[in-house]
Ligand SMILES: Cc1cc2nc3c(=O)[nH]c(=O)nc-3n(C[C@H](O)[C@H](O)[C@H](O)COP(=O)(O)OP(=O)(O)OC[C@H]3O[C@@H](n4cnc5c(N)ncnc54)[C@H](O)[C@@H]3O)c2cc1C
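Encoded as structure tokens, the following chain is the form predicted alone, with no partner shown.
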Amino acid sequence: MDADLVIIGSGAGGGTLARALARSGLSILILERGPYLPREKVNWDAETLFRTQRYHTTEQWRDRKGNLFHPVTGYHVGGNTKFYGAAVLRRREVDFGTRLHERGATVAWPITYHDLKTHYDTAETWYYAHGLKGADPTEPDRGPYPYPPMDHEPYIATVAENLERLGLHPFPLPLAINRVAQALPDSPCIRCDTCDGFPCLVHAKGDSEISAVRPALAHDNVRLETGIRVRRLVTDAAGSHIMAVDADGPNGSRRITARMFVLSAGAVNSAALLLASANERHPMGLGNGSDHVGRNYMCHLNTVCIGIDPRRRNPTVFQKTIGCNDFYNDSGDPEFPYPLGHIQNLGKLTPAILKAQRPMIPRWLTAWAAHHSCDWWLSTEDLADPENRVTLDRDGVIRISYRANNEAAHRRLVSRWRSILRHLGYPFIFTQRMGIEAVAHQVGTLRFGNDPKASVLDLQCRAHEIDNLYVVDGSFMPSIAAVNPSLTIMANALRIAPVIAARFSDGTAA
């Protein structure tokens, strides 16, 4: 045996699980497809990040019509948390039940918020969550945040005050940033303008590499191998037990054996790997007797909204400090009594970022626009649809057959926020809807549930049909809610860790 436990993927789920099990004494091997992300000056270069996309994969996937596209994703130790905006919000308590939307109802979870509550606490501590209890009127039952909220800079503080004057409830956005020392000189976080969407050159972002993988590797029983791409899971003759994985690495192809396996490659790649592992016992893909592997792919409906006030410069450096959930549970319009979604600041748009993303616009104009803008990210819940799915084409290329839904709610959210920004004094407002290539919030392809005919995983995120296979990335989610999914992925991995440890203790991990 190469290990007691093999974890495939080192992102929010896999990395957190490794740290949670590090003290168990189990021999744990983390397999990461990518390398450590290089720590180099261009980590903070907008041209490198947003135009040449140095750190994103060069592979192509297909959409439902067969058109190739480059997914905005990468493979590194820490997964996509290396680039996330570090907004770490808990799902609302209502998000675990059935929620009625204009285009249909969400699928209720087989667990409740209180099954994750203490694990949210732990995840927030490990990932340096800064926030303020009670500021968000929709937040679930909770104790104080482990660290105080990130302060608004003066311009953003005025924006928050003006939103309050309109009767709204802006709150300090919970952020996974190692700013524990606050303004002291030894604070890792320097409150720069290269946080949201950038890897952190000073390692101050609470990403999975820094907050989970590195602490796990401090234990001799935990190992990490990089550059290992798992191609196939191999079962025993009965098809009920994973014996090994076949993988490609720096030294060629190899087979890696273990007693138990955890899949955490992301909702798209985890589903694709199970489909690629089809055999005689599992002709439609491993664990796919229900025909649900790859189905119900969800990704938030996201829009960037930029307000420009030509009369005022925005000198803010660290802008991503406001959240707003006033339209999270109800639109406020009796003619449309449905949720709209979540709003938060983006990291400050700089002239370099805008020029990298809009190279045809004259440099002077991108500079002017960036200096006068206030920038926002709007998210609406996507609804599960079995026809929104991940499959593999005959040539092995991933296909995402996807049609966005809940569009009316998202359009209303964008319209409402445009109106609010005009009231705040922004006469020029520009929006950009994110397309299929924006896969940062991917969930749902291996949903968990009680019924093996309607789900892939059981309540403990173990495959119904395979005794020693667990999944801890976002694919387990039956619904996505409208807040960032990363903290829930981390908390769920913490929930599953003692389940796995107990199986080794009681001898049921063969």
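A residue's number is simply how far along the shown sequence it sits, counting from 1. As the structure is a computational prediction, the values presented were derived from the model and not from experiment.
Omitted here: the form predicted together with the named molecule. The next part is about that form.
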Counting only non-hydrogen atoms, which stretch in 100-108, 252-260, 70-78, 152-160 is within 4.5 Å of the named molecule in the predicted bound form?
70-78
Could you spot which one of L224, I306, A87, L383 gets a heavy atom to within 4.5 Å of the named molecule in the predicted bound form?
A87
Give a yes or no for L457: in the predicted bound form, does one of its heavy atoms lie within 4.5 Å of a heavy atom belonging to the named molecule?
no
So, in the predicted bound form, is A491 in contact with the named molecule at a 4.5 angstroms heavy atom limit?
no
Though only this chain appears here, would G266 touch the named molecule in the predicted bound form if you measure heavy atom gaps against 4.5 Å?
yes
Tell me, yes or no, whether M434 is in contact with the named molecule in the predicted bound form, where a contact means a heavy atom of each within 4.5 Å.
no
Can you list, in sequence order, the residues from 215-234 that come within 4.5 Å of the named molecule in the predicted bound form, counting heavy atoms only?
I228, R229, V230
